[in-house]
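In the form predicted on its own, a lone chain appears below as structure tokens.
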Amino acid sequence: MSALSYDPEIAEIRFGCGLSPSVAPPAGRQAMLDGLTGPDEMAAAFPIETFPEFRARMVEASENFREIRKRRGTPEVQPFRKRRNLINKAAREAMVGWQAQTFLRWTRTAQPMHERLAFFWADHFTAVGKNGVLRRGTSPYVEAAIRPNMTGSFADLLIAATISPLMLHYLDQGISIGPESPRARKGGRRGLNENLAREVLELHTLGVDGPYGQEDVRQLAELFTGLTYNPRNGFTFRKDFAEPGPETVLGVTYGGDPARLEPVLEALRALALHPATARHIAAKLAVHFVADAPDPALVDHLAGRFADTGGQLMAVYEALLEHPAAWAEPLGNAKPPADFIASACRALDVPPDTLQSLEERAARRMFFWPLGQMGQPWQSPSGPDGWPEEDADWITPQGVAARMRWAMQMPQRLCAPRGLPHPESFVQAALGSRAPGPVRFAASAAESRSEAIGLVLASPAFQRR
């Protein structure tokens, strides 16, 4: 494996954000790894609110809602309802800006694998707000829980995502109360909720075919009681919600009386190190970066490195980049819609001020609405399992038609007033040495630059990674 040659184009297309005319590919595999552990330059250059900052919006909305409830049915309620609309509008506009910042990170980064991993782990630990300003909280959640933890241990990443206020909200953990907890004994109306426990076992660690049963789900759910949050303080452990006594998960007993946070963290660390978790994470990484049906030897290699290092993620990424199957051709995975648009912006070398100056309606026309038509509405997956990886879910008649419309219409707007690049130079910028002859010919023979650029972006060669 040490003699494996390095292909900078595969590095950019398969493991990164696509080729760029202005940002050179990493110099080698070690440079790719070094880019993961260095300063988060793109977060500094194109900042997004972290969740602690986002909580100020939650506090404002919560206090305003309290005033609405106090004045319900009276004329005095109207100013507070107007204020609620303004709070929600500000959060919605901020989310539009955060999408632009996210795409700019893809467009300008010299450490593209870092951005790909941020997308991968944000999807693995899917969390979406369900109402009010929390509907706009996914990007701040990624900034706080995912990006700072995706190069350390999987256990730390799992804990950060699990106890994030957005995850607790999304999976209804904040209202889960132990049947014998002090709150329940006082007549609390809500009961135990198993959502978080089930998804931690099924999606985040062991996998859907993992070695657990319904009793493990219930015991873990009882152990999780007490995990909650509030807008002002964020995550908190409420002992009055917590089920007293020990809980047994996968044959291991945790906790006791009084209930504490530490046994919850112990259980999460144990799940993070389970052999089934190693296999599950290895398979997901191989599918995401390489192929829908990856070489079993690659999955074995990743799972072995995960197990040998106690889930140290940098060691797993190194194992991915050192295995020959990870560099095998052809490039086969279909780009999901968000990756397609972001990599198009990178190939077009869209300047920052173009995206940052977009008004909300223009941004929705150029990005939000097309993403929905392609099948991937921005940060709105249909469930906690996130977006599908299978090519067939993305290469559909409706999705392909929407991609072609975007490719033919939007580059001209993104490149104004500078103008579209020359077709022949764009083929090289977007596809490099892998540009097929028919694509080169189609671009050179197109009736206009706009049509040429659209044909390149709509080509199967650009749609694959």
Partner chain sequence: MTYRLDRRSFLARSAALGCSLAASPLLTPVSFAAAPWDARLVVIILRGGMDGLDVVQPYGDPGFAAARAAWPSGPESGAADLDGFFALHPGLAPLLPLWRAEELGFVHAVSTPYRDKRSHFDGQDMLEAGTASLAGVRDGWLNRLLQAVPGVETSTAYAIGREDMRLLSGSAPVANWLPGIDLEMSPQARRLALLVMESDPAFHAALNEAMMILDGEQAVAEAGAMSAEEEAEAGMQMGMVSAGANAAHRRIADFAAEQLRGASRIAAFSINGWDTHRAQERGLSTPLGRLSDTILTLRARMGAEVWDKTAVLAMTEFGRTVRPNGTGGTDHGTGGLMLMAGGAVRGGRVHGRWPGLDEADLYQRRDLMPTADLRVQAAWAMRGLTGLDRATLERAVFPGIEMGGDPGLLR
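Positions refer to the first chain, counted from 1. Note that this is a predicted model, so its numbers are computed, not measured.
In what follows, reference is made to the form predicted together with its partner chain, a form of this protein that is not presented.
Trainee: Of the options Leu36, Met408, Ile68, Ala43, which one has a non-hydrogen atom that comes within 4.5 Å of its partner chain in the predicted bound form?
Mentor: By the 4.5 Å criterion, the partner-contacting residue is Met408.
Trainee: Please tell me whether any heavy atom belonging to Arg190 falls inside 4.5 Å of a heavy atom of its partner chain, as the geometry stands in the predicted bound form.
Mentor: Arg190: yes, in contact with its partner chain in the predicted bound form.
Trainee: Are any of the heavy atoms in Ser425 no more than 4.5 Å from a heavy atom of its partner chain in the predicted bound form?
Mentor: Flag for Ser425 set to no.
Trainee: Counting only non-hydrogen atoms and a 4.5 angstroms cut-off, does Ser382 reach its partner chain in the predicted bound form?
Mentor: Residue-level check for Ser382: yes, a contact with its partner chain.
Trainee: Just checking whether Asn85 would be counted as a contact of its partner chain in the predicted bound form - the rule being heavy atoms within 4.5 angstroms.
Mentor: No, Asn85 stays farther than 4.5 Å from its partner chain in the predicted bound form.
Trainee: Work out which of the listed stretches, 382-390, 242-250, 310-318, 92-100, brings a heavy atom within 4.5 angstroms of its partner chain in the predicted bound form.
Mentor: Selected stretch: 382-390.
Trainee: Go through 428-465 residue by residue and record those having a heavy atom within 4.5 Å of its partner chain in the predicted bound form; state none if no residue qualifies.
Mentor: If the 4.5 Å heavy-atom criterion is applied to its partner chain in the predicted bound form, 428-465 yields Pro438, Val439, Phe441, Ala442, Ala445, Ala446, Glu447, Glu451, Leu455, Ala458, Ser459, Pro460, Gln463, Arg464.
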